[in-house]
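First comes one chain, alone, set out as structure tokens in the form predicted alone.
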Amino acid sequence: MFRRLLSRALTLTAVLITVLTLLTVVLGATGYSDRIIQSLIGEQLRSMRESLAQRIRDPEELERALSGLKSEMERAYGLDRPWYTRIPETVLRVLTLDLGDSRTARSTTGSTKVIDVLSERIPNTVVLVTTAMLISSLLGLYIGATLSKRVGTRLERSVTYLSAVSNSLPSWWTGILLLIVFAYQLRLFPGSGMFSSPPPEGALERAIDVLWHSVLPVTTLVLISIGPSIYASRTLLLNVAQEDFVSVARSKGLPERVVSLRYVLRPASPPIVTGLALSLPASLGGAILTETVFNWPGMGRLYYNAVIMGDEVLIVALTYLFTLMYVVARFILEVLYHLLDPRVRV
């Protein structure tokens, strides 16, 4: 078991490094990386020009000083070397969380360091996405298990149709619809943001305020994800319930609760757990539209702003973080498989 898990950990680490390398190659080969760095240097030089102009009155001498500063900054950023020679050091910096400074994002304390910005945004997205994922997964499993015992009934057909509708709902359309009805028409919930203005001062009051603001975005994520969860749970449990070993268990006179938990739910648990574990990193990346619609200061909104503003450092950091979450989720699945399915150990 230990050797298998170690092998999977090494394989997933190789996947992580490969994704980062490919991202760096794409940014470098297209010239996007160099253009972004040149733009950053240009902005810094414009701010330096004003301060230097107060000390250097000769225009030619001022230009020579700026040209020297520009050459030093290009060497510092590595622009004096070909882009492909910068790949190893770029990948190494990201892996060691030496993510540098963002050009467009700041933390609440005013820091531009990417690690500080991410450490503030990650809890916001976890509060939003994890809550929605748990609600949709638990409801989907419960409703799916109930429907698997009532195949062919009117309730089962109705919920199956509603699940298909839920699967086809666009998150941005659902969010806008909830905003119009519950925020602007009925005025039951706030329309955007994470806190009221001004925010409450007490810890309990701030927690309640966050929950109040998260009702609409969480509802949006639940509505678009609960349908696939119900349908997948219902189909998996139904397929397992038709196996011969389940019929044998019932013929032995075992209680239905024991049959459902031990002979149906446990054999069906690996694919269900797979969907649950992989939905977390996928949702953290897929909450971009929902966080944008509700102006929620999370990872999805940060990714959207980074792409729009061309913040290369932030794009690389967020891509690395999403890939890292996927790798961690895959490794957790490997451990859970050994606990849930004895055949994996063999």
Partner chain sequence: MSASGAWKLLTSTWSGRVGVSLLAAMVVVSALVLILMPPDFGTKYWNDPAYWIELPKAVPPEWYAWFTGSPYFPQTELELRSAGEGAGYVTYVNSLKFDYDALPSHVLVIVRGVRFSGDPPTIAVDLFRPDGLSVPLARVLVPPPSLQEKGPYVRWSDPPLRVAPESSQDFVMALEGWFSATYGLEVGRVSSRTAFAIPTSTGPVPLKGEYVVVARFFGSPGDGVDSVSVVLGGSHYGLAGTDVVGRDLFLGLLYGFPVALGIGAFASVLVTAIGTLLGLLSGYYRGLLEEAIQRVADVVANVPLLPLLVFLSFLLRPSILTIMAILVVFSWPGLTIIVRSMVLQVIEMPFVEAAKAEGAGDLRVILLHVLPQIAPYVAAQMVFFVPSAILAEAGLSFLGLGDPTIPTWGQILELGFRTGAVFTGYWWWVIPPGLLLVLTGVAFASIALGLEPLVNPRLRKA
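Positions refer to the first chain, counted from 1. Small disclaimer: the values here were computed from a predicted structure and weren't measured.
Although not depicted, the form predicted in complex with its partner chain is the subject of the following passage.
- Residue heavy atoms within 4.5 Å of its partner chain in the model of the complex occur in exactly one stretch of 120-128, 196-204, 163-171, 68-76, and that stretch is 163-171.
- Residue 38 falls outside the set of residues with a heavy atom inside 4.5 Å of its partner chain in the model of the complex.
- In the model of the complex, at least one heavy atom of residue 8 sits within 4.5 Å of its partner chain.
- Remark: residue 138 does not count among the residues lining its partner chain in the model of the complex, judged by a heavy atom distance of 4.5 Å or less.
- At the 4.5 Å threshold, heavy atoms of residue 62 stay clear of its partner chain in the model of the complex, well away from it.
- Residue 180 is the only one of 134, 248, 258, 180 with a heavy atom lying within 4.5 Å of its partner chain in the model of the complex.
- Residues are counted as partner-facing when one of their heavy atoms sits within 4.5 Å of its partner chain in the model of the complex; in 316-334 these are 316, 319, 322, 323, 326, 330, in sequence order.
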